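One chain is shown next in structure tokens, namely the form predicted on its own.
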């Protein structure tokens, strides 16, 4: 009976109920879309960093991540490669030589991060090959180089032009080599494109007098959730002269940004909740004052205060639940096409690329977001009806019946 009464009471003043429903629908749709777009943008930034260079796990000589000098190369790389090959759930890996230097053209020069790679293995680990917009990827021939679009513009070079790379060699001398631009790439990040250049691994080793030594192993896993387990296995197979780092340790600021967002989204929920709770309190109070005589009659014929209290809470619960259901359906229908086509923000491309995000943002709706959205609004609706319900049960039946 309480359920029937509560449902009928909602529609006794349909216009007022529709206003509350509309506020709940708009509020929920705003929460879901904002949350999914924000999560999509942050995850895209993280995926871009992993796909461009960082990978899931990196193996170096001890202390390399703090002091990236050419002398800090990996001792016994064959041992590390064997450990990687014998560790399950590692899908791909790539060997790299990494150092800092200067790249010069006939017109200008710029500081760079020189990366020597095995093109076949590196294309399985990173997305640089997919990012080529002019020319082609490294083919393995001598004196090839691939550079970023921003760097090419700064040096005023194009595909086929010659550049000279200089960096400190293992002996302490300055190693230099002339390269011809084989390809130009453009990634998610303008800052990355300004500094990172790619050459064939043997050429980098020869230029830097490294022999067969390398600076880094970049590893891609079958399942990203297994990163800590595989790190432990690799570290156990190697000794203390090596460091095994996951992307969380290599990108602490970006990982912290993800964690901060997860905390801050509750503030957004709280703001929406505060705005809604006052509207619900106001609506339910108006409903209570309009039905004072009705409540008096119900109490006079024997309805207990407890049942009257729950009837008012049920009214608010129905409003919150109905609005949540409709709002979530609408937001999900809006989310589906956006998740496939993305949101084109090319008008803000300069700002987005400086942050490391692409010009097209793909919203991501997580299970946590769905659960929070579906539970928060009905809870807030019921909470907002507590005070009006207390006002109703404190009425005196005789005074309520005579109320004008």
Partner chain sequence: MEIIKTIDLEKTYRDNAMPVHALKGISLAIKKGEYTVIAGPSGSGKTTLLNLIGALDKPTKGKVFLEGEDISRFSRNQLGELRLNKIGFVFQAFNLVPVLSSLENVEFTMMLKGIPERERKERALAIMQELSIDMLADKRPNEMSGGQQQRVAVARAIVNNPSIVLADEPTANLDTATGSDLLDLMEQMNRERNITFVFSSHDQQVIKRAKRLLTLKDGKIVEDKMIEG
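Model, not experiment: these values are computed from the prediction. Residue numbers count along the first chain shown, from 1.
Same protein, other form: the form predicted together with the partner chain, not shown, and the subject of what follows.
Given that the partner chain is not shown alongside this chain, does residue 393 nevertheless sit within 4.5 Å of it in the predicted bound form, heavy atom to heavy atom?
Result yes; residue 393 sits at the interface with the partner chain in the predicted bound form.
Do residue 89 and the partner chain share at least one heavy atom pair within 4.5 Å in the predicted bound form?
Although the partner chain is absent here, residue 89 would stay clear of it in the predicted bound form, with no heavy atoms inside 4.5 Å.
Are any of the heavy atoms in residue 272 no more than 4.5 Å from a heavy atom of the partner chain in the predicted bound form?
Close contact is absent here: in the predicted bound form, residue 272 is far from the partner chain, nothing within 4.5 Å, heavy atoms only.
Given that the partner is absent here, does residue 293 sit within 4.5 Å of the partner chain in the predicted bound form, heavy atoms only?
Yes - in the predicted bound form, heavy atoms of residue 293 and the partner chain come within 4.5 Å of each other.
Taking the partner as it appears in the predicted bound form, which of 152-160, 102-110, 252-260, 304-312 has residues with heavy atoms within 4.5 Å of the partner chain?
So the stretch in question is 304-312.
With the partner chain left out of view, choose which of 298, 280, 167, 84 has a non-hydrogen atom within 4.5 angstroms of it in the predicted bound form.
For this set of options, the contacting one is 298.
Could you pull out the residues of 2-21 that have any heavy atom within 4.5 Å of the partner chain in the predicted bound form?
Residues within 4.5 Å: 2, 4, 5, 8, 9, 12.
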